[in-house]
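The structure tokens that follow cover one protein chain in two forms, given apart as structure 1 and structure 2.
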Structure 1
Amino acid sequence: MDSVLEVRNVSYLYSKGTPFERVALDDVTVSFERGKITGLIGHTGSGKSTLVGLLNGLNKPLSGSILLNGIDIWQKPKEIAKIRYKVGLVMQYPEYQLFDETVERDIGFGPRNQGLSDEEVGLRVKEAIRYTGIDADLLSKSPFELSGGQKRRVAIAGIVAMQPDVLVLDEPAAGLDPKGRREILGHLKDFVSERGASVILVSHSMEDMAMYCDNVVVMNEGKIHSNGTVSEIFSRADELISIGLDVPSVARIAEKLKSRGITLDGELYTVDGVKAAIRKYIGGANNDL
């Protein structure tokens, strides 16, 4: 596997040396595949956000190393800021970080700080709104006039505009309606395929994982629980439920049909996937006749 980010034997503690010391990550080793959307799931407190904060150098692992394109991100600690352009992190509720007068200036803030010319910044902004589904008419507006979902997308565009190798999104769709979720998450595939970038998506929505991710990493109590393609992970429903997670509702429906003797074949974790599998099942049954 061609890994863009590799986490090797990383451990992290909070409140080290105090009575409140707590192990957040315990000897974690995992790789994130280049050019893919990898989902990161786990119950609250499982270590997802801690891991995400280590990936772009916000925090430093207490032991172990993090490799970006094969190079330890802490090799030159003074240059860690450069890593943060390469691994772009979109935190929870990023719309609270909007601040500039216009949408255009807000999205261009990162690239300007990277020292790009006005012309280049303009191109970056144009590209970023395309990958986040923002209408060009909004560029001259104040970000504060926008709806919640639009603000969220502007905040994400601000990170995309820095052209990171890896875009890390922590719960980007929390609190959005189904259409808003699709608008934010649906464009990620274009960003990945056209720019050759990689995405890490943290979410509590198993349905979103199934819809938008190629791979899924499951965390539990500071460790990697499992790691594989979406279909590999969601075929282990009982295990996921036992660690406070779940599978999409259609996956449970497919599972219950199986227990009643209807074994479907295919990608049994999205509505479209199960629909296709049922059509195939019927086709197969008809062929038998």
Structure 2
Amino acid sequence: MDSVLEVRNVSYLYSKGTPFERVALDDVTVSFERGKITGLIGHTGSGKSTLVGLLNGLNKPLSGSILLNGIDIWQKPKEIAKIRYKVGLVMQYPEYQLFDETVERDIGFGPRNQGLSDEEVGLRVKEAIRYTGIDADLLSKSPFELSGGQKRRVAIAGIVAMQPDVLVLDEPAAGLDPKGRREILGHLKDFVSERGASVILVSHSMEDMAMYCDNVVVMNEGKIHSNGTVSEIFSRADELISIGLDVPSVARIAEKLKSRGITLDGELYTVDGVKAAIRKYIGGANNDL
């Protein structure tokens, strides 16, 4: 496996040394593959938000290490800010972080801070709006004139424009309708395939995980519960349900059919996958008649 970002034996405490001390991460080890979209799921308090805050150096592990392209990100603590250009983090509701006069200037803020020329910044902005589905006509507008979904895309484009090796998205489509979710998430695969970058997608939507991710990491009580391809993780729907997580609706249907003696075979976590499995099952049943 070609890992771009590795978490090795990382632990983290909140309120260390006080009566309120709480273990947030307990000896966590996990790798994120280069050129893949990895979903990160877990219920509230599972440790996923804490892990996200460690990936680009917002916080420092109590023990263990975070490796980017094989190098500990805390090897040179005074240069930790440079890591944030390479591991770009888009927090939940990033539209509240917009501030510049125009969409173009807002998206170009990061590249300008990287010391790039005006020409290079312009090229980065054009590329970023393509990856995030932003209409070029919006570049001259104030970001505060845009709709909620458009603002969200502008905020994401600002991180994409820095050309990070890893893009971490914390609930990027929270609060949006299905159309808005597709507009935000639908371009991720282009960004990954064309730039060879990696995306870590944090979401409560199991449908988003099934539709857009290659791999899924499941967290529970500060530990890695499971880690595998989308198919491997969602084929164990009963395990996810047992730790309080949801699964794609179609996966629940497949589980109910299984409980009634109808075992389907295939990708049982997307609508198309379940349709194909049912057709295959019916066809096989007819062949037996």
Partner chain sequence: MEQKDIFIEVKGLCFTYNDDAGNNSPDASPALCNLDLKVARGEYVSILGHNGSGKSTLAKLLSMILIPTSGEIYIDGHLVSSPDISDDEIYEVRKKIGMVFQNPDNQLVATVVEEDVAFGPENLGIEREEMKKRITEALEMVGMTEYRRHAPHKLSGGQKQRVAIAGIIAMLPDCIIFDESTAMLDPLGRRDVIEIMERLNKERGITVLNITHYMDEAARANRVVVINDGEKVLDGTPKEVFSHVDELHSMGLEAPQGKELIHALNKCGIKVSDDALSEEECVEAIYSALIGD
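Only the largest set of C-alpha atoms that superpose within 1.5 Å between the two forms is called the rigid core. Residue 1 is the first residue of structure 1, and the numbers go on in sequence order from there. Here the structure is a predicted model, which is why all the values come from computation and not from measurement.
J.: I need to confirm something. Of structure 1 and structure 2, which is the form predicted together with the partner chain?
T.: Between the two, the form predicted together with the partner chain is shown as structure 1, not structure 2.
J.: After fitting the rigid core, is the C-alpha of residue 16 off by 2 Å or more between the two structures?
T.: It does not, since the residue 16 C-alpha is displaced less than 2 Å between the two structures after the core fit.
J.: Is there a C-alpha shift of 2 Å or more at residue 221 between the two structures once the rigid core is superposed?
T.: No, shifts by less than 2 Å.
J.: If the two forms are fitted on the core, does residue 255 show a Cα displacement reaching 2 angstroms between the two structures?
T.: Comparing the forms between the two structures, which are aligned on their rigid core, residue 255 does shift its C-alpha by 2 Å or more.
J.: Keeping the rigid core superposed, can you check how far the CA atom of residue 278 moves between the two structures, in angstrom?
T.: The alpha-carbon displacement, core-superposed, is 3.2 Å.
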